[in-house]
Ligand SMILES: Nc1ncnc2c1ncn2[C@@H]1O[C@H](COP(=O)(O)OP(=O)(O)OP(=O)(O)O)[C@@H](O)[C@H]1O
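One chain comes next, on its own, written as structure tokens: the form predicted on its own.
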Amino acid sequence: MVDAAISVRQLTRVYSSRKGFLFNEVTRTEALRGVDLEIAPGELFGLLGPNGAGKTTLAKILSTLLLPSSGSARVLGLDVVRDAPRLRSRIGLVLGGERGLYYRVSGRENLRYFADLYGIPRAERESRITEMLERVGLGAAGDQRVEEYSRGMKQKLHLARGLLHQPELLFLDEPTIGLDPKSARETRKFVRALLSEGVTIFLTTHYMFEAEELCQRIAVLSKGKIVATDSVAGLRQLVGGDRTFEIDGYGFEDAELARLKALAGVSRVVTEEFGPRLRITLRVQSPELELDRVARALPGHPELEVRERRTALEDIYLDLVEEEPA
């Protein structure tokens, strides 16, 4: 049996801070609350969650940048606390944004510095740097100062840095945040290429379409807890099926909402206000339920609009996060 690439058991992280006139009031914030996770070698695994859910905290613990408060985490068979020095040479970390680079020197000189930190032999260093610059599309810009780079170019340099020592597992924390569509698409293409080479990838992102496009399995993290883990298809079934009906109109009564809920195959009814209009979203499990049957359940609404679409990852995410208890 192949060991998991990442194995997490009851992981917690608590931040303490002091406040008050004499700083004698201690407040505790639970960033992670008993996280369990198992990721297979060669998997591209996605972690979704709102701001403050604990995504970056989890990524930092797994990449040895932060100590857990309790629980255990093993990455590539090594304990993230006891075996941190041995583990760091086998993993890569790419953080979104523009921090972590030296702006007054070139991209090539940045990579030289990190190559020395990674312990890459001098005999291999220059060829490895040139190879990585070419691979991420910075071959012609490798000798430019980083301060002259666009945001997309800086993110490519982050990728080159994270892969310079040929890690077995790569942590990507919001890798396309702030990028223009072209740069984001190139980054996703690059990530898919890494997966085909056998690199295990742990991706955190805010972008639902990105997770749906790239990830084989996805976990949803809310308020420090994993509330669901599965493939997108499995998550669809968890929240009520592949089909979603949307109904737009005015003046719906509670009795009408109850009538929709009672329709065969409807597993969930959600309402949203858009000014004076109300949108009713139905999660539908049955293939038999048709749009005209839904419309007939709401007589007396001449401006009624009813449409069907496939349940998107964003729907799943909002359902799961909304249902997460405080």
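Residue indices: 1-based, along the sequence shown. Keep in mind the model is a prediction, meaning the values are calculated, not measured.
Although it is not shown, the form predicted in complex with the ligand is what the next lines describe.
Considering non-hydrogen atoms and a 4.5 Å limit, which listed residue (His206, Arg185, Arg125, Lys225) is close to the ligand in the model of the complex?
The residue from His206, Arg185, Arg125, Lys225 that makes the contact is His206.
Might Gly54 be said to contact the ligand in the model of the complex, defining contact as any heavy atom within 4.5 Å?
Gly54: yes, in contact with the ligand in the model of the complex.
Does Tyr15 reach the ligand in the model of the complex, with heavy atoms at most 4.5 Å apart?
The answer is yes: Tyr15 has a heavy atom within 4.5 Å of the ligand.
Classify Ser70 as contacting or not contacting the ligand in the model of the complex by the rule of any non-hydrogen atom within 4.5 angstroms, answering yes or no.
Result no; Ser70 lies far from the ligand in the model of the complex.
Examine Glu210 and determine whether its closest non-hydrogen atom to the ligand in the model of the complex is within 4.5 angstroms.
Answer no; every heavy atom of Glu210 is more than 4.5 Å from the ligand in the model of the complex.
For the chain seen here without its partner, which of 264 to 272, 277 to 285, 290 to 298, 45 to 53 has a heavy atom within 4.5 Å of the ligand in the model of the complex?
Looking at the other structure, the answer is 45 to 53.
So which bits of 172 to 203 sit within 4.5 Å of the ligand in the model of the complex, heavy atoms only?
The one in contact is Glu174.
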